[in-house]
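In the structure tokens that follow, a single protein chain appears in two forms: structure 1, then structure 2.
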Structure 1
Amino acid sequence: MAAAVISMTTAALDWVSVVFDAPLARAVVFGVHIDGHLVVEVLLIAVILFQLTRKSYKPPKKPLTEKEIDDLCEEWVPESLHPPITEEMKVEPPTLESAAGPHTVIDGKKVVNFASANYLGLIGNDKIIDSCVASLEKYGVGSCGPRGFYGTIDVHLDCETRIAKFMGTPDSILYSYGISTIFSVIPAFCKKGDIIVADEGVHWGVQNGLYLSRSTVVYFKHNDMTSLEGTLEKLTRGNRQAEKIRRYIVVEALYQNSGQVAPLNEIMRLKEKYRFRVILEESHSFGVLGNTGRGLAEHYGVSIEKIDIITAGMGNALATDGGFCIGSARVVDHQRLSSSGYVFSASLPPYLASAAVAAVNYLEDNPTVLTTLRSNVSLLWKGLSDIPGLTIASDPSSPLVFLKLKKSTSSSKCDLELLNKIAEKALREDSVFVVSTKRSVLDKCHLPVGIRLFVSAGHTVSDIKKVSDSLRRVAALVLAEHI
């Protein structure tokens, strides 16, 4: 048995060596020795090439026929343009019959108004109204064109110079609407691939700007500096790529959704440590914070050049409309061609620009209005300190006083119902106008809802007493079962 196997293997080996020693195998072609294994390799390559040239089997693609497309189009049923209308959608806000000053008229009754962000009490100010009248008679109402096409009127340029002088920056740029300022500025500077670290409590305008910029956005916990530091550390640690892309921190000076004030000194320290740029939204703090109303930078004693971009809407303290943005000369010039809300939109009506100039002049000449505002706020704090079921959640220096429920119910919808009841009762029975938080379904902010009171320098001591008493009474009634 073994012998047969041995003989077979030797025979096979002999045969293989014969093949290898065959004359063809020892040929010399063009001076190159050809060994036997080359023949096998050439055959192998030939087989591979043959297989590659064969077409692979793909199932045939059948495009839809016209009839099939017709059928699909017939069958398709779109949703309705609007969802079913619920009861809460039908509620109309109260209609004012006079100016939205500290006292206004609703439904024929005189009402104390804490729903307008008229912080310096400039609604109804005679100097401002006179300058508006002069402007209306000279320029008409609208400016009839964007800034690039004869919509730049000399009052716009005056307004920009005045604001820049007031804030101490080289130049400023004027926008025609408060909310469009921030959502035009952010996409002008932040593009796809940039990193933005934003507070989770920023308002819808900022959120829209962040979405339109297509940058990577990371949110940190509302007004929490340790969370901010942690986020910045995580983003920059070991990431050498981070040096080459632009990085921004976006915060609001005074948050509309909670009344908190951002700690600018902490933010500046973190910004310098991690090399980020700061975009500061000052709509509710311009004209309010700081000894002379120059905003958060003055409040914290930070030099204005250190903050890269500041935007503000003028619809609050300055009692006019529109917005502005300040920064270095390069920052402002860049926006004149690339900010969509500036280039593609009609410019601010000239009478509103002259109202802004008059308001800034008034603020510079009468800094005592800020002391009145601050004393009103502290008086209101005292009055609201013992309301059953409600607690003050805003910063003591903020004129936007934010009350939230001490014990929240299961859902923010139920919270909102209770708060709406309180606001409505206060208006109907005590003639005091306060408002609850209104949130759109498109808003990504999840901070707790509450009641907002906008304190003005035009409110008197008796107004403040009236609102505290009213809220105390109404809250006790509405939240009785709830506490």
Structure 2
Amino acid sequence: MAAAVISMTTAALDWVSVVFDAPLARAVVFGVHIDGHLVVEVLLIAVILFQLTRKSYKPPKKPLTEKEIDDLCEEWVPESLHPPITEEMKVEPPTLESAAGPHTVIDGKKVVNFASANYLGLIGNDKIIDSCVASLEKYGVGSCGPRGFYGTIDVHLDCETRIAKFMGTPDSILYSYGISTIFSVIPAFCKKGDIIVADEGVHWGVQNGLYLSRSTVVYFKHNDMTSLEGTLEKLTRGNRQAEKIRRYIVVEALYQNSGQVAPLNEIMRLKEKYRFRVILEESHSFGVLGNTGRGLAEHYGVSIEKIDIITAGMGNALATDGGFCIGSARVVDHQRLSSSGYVFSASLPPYLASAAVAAVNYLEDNPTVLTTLRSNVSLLWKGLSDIPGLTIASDPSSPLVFLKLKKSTSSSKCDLELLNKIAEKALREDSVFVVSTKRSVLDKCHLPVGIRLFVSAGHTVSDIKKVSDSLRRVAALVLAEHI
């Protein structure tokens, strides 16, 4: 059949060519002989162009009837705005009914609190409360405006000056919310095309800042300096383009997700060797590490001027809220125009700035509070050294004591269920308040989950013994089949 069609088409083309060849036998245009084949080819090209340029035919749409519209509306199911709600999501966390000090009240029962990062025990401190009351009477509650638009009050400037003087830097800048500090600072300096090398264990606030910066982000193994050096070497070796773009190392001083302390001396060596800048997040180390609580630089004896950018939240050691960033005058001034958390947020309530000043003054005037804190951390380490089924993963100098399972179930979800049972049983039976690590679906940290205990200078020896005995007993019961 196909051969017959081809034969007929060839015969038709030959006939058309013969028809056109006769009258055009002697036709020559610009030295080109016009024969029947050429005419046929031109006609075919014209037909093809016509078909390509003509508008496609669309039959007129028939309007839907009222019944058809109603049927479609009944069948339509809107897409969910959120993922399915699981039973774990429906669990209500414990509700505090008093201040989150070393002892607090939950559901009408007094408990020992190891779930609040009240490291210096300043929640409820009389001097801080007095400073807040005086500030409320003078300024009211809020500022009702960003710092650049009539939201700057003299107490904000006093607080920035006090923090800069305490840390030994030229200047500092205040933010109105602790976690927004780091994820506003990173995008203020890191842009698309820049390279950021970050620890894989950084908390969600740092991760959000990395995402908002739109920079090229490369992660290295948690607190592993061999991995960091290998990553820096890989990025810079033979890459002349890398020398022309901005490069940063982003780490936490004391990691919220593990309790580990970053080896700043090694990080600074690698920074200078490969010519990177360092952004250091000190929310859990400020007021805690170092002989006088000035953070990781003092802890390692590194000059603070060598660290390019340092950020910290004030909601932990200082028992207030907000955050700050310290560095050179140029680093601070750049943020006043380029940092979204500073430019577009209402400024820190004045009484919280007053509380921060009072807390820094207290820390400077009472250095023994750090001795008490370290003594409590050491005592807790001894109490938990032989806890069944669990092991301490944090640094011995860290007041954030991190317990993880000795033997994982190979599933973070199952691990977390076991740890939640331990925390719930300790609260219900022994009035000991501890918390497991809870991460949102947006958190990309893949470190092992665990139980976090925040040690405070306000805890007594009996408090430490109570939590140690409780966790040993409860862990042995819950993990009996798992050990």
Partner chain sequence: MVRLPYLIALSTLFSYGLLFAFGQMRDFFRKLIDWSKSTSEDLKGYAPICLGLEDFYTRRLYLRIQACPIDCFSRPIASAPDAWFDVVERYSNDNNKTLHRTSNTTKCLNLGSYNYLGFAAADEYCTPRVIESLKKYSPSTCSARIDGGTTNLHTELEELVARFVGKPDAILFGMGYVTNSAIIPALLGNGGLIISDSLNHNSIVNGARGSSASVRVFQHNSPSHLEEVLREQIAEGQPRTHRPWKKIIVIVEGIYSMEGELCKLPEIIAVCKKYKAYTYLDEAHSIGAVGKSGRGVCELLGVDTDDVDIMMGTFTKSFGSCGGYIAASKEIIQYLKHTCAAHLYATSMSPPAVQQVISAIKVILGEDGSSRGAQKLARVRENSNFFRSELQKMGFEVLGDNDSPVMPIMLYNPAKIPAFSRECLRQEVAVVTVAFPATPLLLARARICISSSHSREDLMKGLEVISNVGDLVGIKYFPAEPPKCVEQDEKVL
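Superpose the two forms; the largest set of C-alphas matching within 1.5 Å is the rigid core. Here the structure is a predicted model, which means the values were calculated and not measured. Structure 1 provides the reference sequence; residues are numbered from 1 along it.
* Structure 1 or 2: which one is the form predicted in complex with the partner chain? -> Between the two, the form predicted in complex with the partner chain is shown as structure 1, not structure 2.
* Asked: Taking the rigid core as the frame, does V47 move its C-alpha by 2 Å or more between structure 1 and structure 2?
  -> Yes, the C-alpha moves 2 Å or more.
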